[in-house]
Ligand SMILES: NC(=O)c1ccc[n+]([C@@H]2O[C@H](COP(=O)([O-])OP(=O)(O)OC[C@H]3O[C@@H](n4cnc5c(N)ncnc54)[C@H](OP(=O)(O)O)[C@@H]3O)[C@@H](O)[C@H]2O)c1
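Next up: just one chain, as structure tokens, the form predicted alone.
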Amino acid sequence: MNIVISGYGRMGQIIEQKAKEKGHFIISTVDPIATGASNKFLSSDILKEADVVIDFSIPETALKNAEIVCSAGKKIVMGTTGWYSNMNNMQELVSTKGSAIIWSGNFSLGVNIFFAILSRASEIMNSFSEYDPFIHEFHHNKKADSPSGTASMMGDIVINSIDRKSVIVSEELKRQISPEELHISSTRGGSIPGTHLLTFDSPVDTIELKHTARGREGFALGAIKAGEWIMNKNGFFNINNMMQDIIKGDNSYDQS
């Protein structure tokens, strides 16, 4: 693949390294402030020879970047988080331009295996009302959003599977939580790549499901794999589509 990397911070630099190790070509790195980036802004000229753009930039530019990429007829892997209030705009953009986006709050293959486990665990816990679920996540002190995209996706899994939970609450609580609310809390500090916990607590015991990242390499490799997966597809996808394809061999996701 010919790849353009949008966002040339720590994540973008690891993607560059891992993509080259896998035999792909980096034709441009884009970042308005990062030292070493070959361009400050995305443009149609930069994208002429590109197959895929891997975007780990900032929430404020995610939709604009996607519009530039899709208008150029290219594919985009959207690893940037915090833009989800614009989800409908993203879907409309892909439909209008006839291109392809795959997005996720976390492209780590390990995390997405973790999601599959959480889904099954939540289905089981739907039958045991004495267990109350909650989510906590830890990240480094440079992370721009809270809660993390991964934690938000975990929350969606829980409320879609457990009937007694229907509302996600992620702000600081200075009150008693309501029975239908699922609390997601966050800690920011140090250099933690990412740790996520789903806890089921009862009066007699506690069950914890936990994923701990050792570094950013897993996220980078997953994003590159997503770029490979989306190369011959058109439509609006999330990481679940790719994982179902891999796990079940279901390759029916071309939405052109």
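Between two forms, the rigid core is defined as the largest C-alpha subset superposing within 1.5 Å. Keep in mind that this is a model prediction, so the values were computed, not measured. Numbering starts at 1 and follows the sequence shown.
What comes next is about the form predicted in complex with the ligand, which does not appear here.
### Query
Okay, which stretch from 194 to 202, 224 to 232, 28 to 36, 207 to 215 lines the ligand in the predicted bound form, with non-hydrogen atoms inside 4.5 Å?
Contact criterion met by 28 to 36 only.
### Query
Though the ligand is not shown, can you say which of 58, 63, 70, 50 has a heavy atom within 4.5 Å of it in the predicted bound form?
Exactly one listed residue reaches within 4.5 Å, namely 58.
### Query
What is the one choice in 147, 155, 105, 133 with a heavy atom within 4.5 Å of the ligand in the predicted bound form?
When the ligand is considered in the predicted bound form, the option within 4.5 Å is 105.
### Query
Going by a heavy atom distance of 4.5 Å, is residue 10 a contact of the ligand in the predicted bound form?
Answer yes; at least one heavy atom of residue 10 falls within 4.5 Å of the ligand in the predicted bound form.
### Query
Should residue 80 be counted as a contact of the ligand in the predicted bound form, where contact means heavy atoms within 4.5 Å?
Yes, residue 80 lies within 4.5 Å of the ligand in the predicted bound form.
### Message
Aligned on the rigid core, do the two forms place the Cα of residue 102 2 Å or more apart, comparing between this form and the one not shown?
### Response
For residue 102, whose C-alpha is compared between this form and the one not shown after core superposition, the shift is less than 2 Å.
### Query
By the 2 angstroms cut-off, has the C-alpha of residue 143 moved between this form and the one not shown once the rigid core is superposed?
Residue 143 C-alpha, core-superposed: shift of 2 Å or more.
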